[in-house]
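Form predicted alone, single chain, as structure tokens, below.
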Amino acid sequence: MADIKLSGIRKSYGSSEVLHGIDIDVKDGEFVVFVGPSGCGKSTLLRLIAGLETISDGELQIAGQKVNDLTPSQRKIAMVFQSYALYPHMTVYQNMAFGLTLGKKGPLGGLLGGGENKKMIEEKVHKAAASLKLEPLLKRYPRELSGGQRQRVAIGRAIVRDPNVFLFDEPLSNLDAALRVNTRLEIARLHQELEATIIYVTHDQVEAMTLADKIVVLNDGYVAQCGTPLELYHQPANKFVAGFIGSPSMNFLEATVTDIGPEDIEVVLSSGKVKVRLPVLPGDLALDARVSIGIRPEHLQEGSGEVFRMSSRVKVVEQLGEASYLYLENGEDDPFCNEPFCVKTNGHSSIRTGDSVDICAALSAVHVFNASGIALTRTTTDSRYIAPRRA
């Protein structure tokens, strides 16, 4: 396998630049996921690595070699597409073997030219088919397969080529929920077995969190943050990452700074109902500065205590069985102008639409972002609480 290094990668279409100086290091054997909203540039970046698009500026290295000017076939990569891209007139076996039969040079070239090559190809196809549970399907055609089976064939076709790098472009987006889970587990298992370098593009942050060794969050052609799944979840660098990672997404409340200490700040929510001291380094904040307070739904609970707390009225209740989601008025002048405030509670909750509830959270679970959306550094990583007080 191989490591990958992207240095100052830019991509322009005419006068419009869509990628703005991307710097990413992918280690040998690492599973890296590019994630972000539609139009953020993640698929374009993958196509640049594959050689399907030309790089406008910057340098791309695979296994220490600059590959900017190499063709896709010369980069020794294999790509799995969202649309499967199987040949309908070929069997599963033929689809998986096809990439090994092309070309006249090399030990795997020219299927028609010799028994030794044919035997090698058969061994590779059957080994990949066994790992993907495709052996009973090798004589079938794509039209005779389910969506999940077709995707496994596309993955198998990539495996038999022994590439340096596997590239996946939203491979599960065409599958239903159950098949997505099963295929995701198959991809995770294959990564462990092959110890392969994988770059995986998705808009589904659940896939990103469960599969990745490292996540690269892209936004508007820039890298918003890069780190392990738990780093991005617990320590988002900015408001965009905080809101994108997590399901349901993080709640945000607007507040104003009313006092600044050496290692904490006091804020009052825009509703004027809650004043609280938060253990963060204030940086360049000034009195009366606007900040955003972020709290994840799963870090909130019913009740009150010596922690961040507020009261609100329930607008909508979603009951999922194992959990219930309470959507509350967020205290702003127009609660539904933006996103309502979400609380994840247990599935046995008796709260109904229209009820008033008290909710609270440990201050260690509260995130603070300045007016530019940059996270303010916490002063502690322990679980100490600081009691708030009402305004």
Ligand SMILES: Nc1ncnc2c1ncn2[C@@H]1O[C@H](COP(=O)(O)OP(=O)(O)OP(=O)(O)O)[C@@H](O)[C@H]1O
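We number the residues from 1 along the sequence you see. Worth saying up front: this structure is predicted, and the values here are computed from it rather than measured.
What follows is about the form predicted in complex with the named molecule, which we do not show.
> Looking at 203, 315, 118, 275, which has any heavy atom no more than 4.5 Å from the named molecule in the predicted complex?
Flagged contact: 203.
> Counting non-hydrogen atoms within 4.5 angstroms of the named molecule in the predicted complex, say which of 345, 364, 43, 61 makes the cut.
Only one listed residue qualifies here, and that residue is 43.
> For the chain seen here without its partner, which of 62-70, 354-362, 318-326, 33-41 has a heavy atom within 4.5 Å of the named molecule in the predicted complex?
Only one stretch passes the 4.5 Å heavy-atom test: 33-41.
> Among 13, 18 and 170, does every residue place a heavy atom within 4.5 Å of the named molecule in the predicted complex?
Each of the three qualifies.
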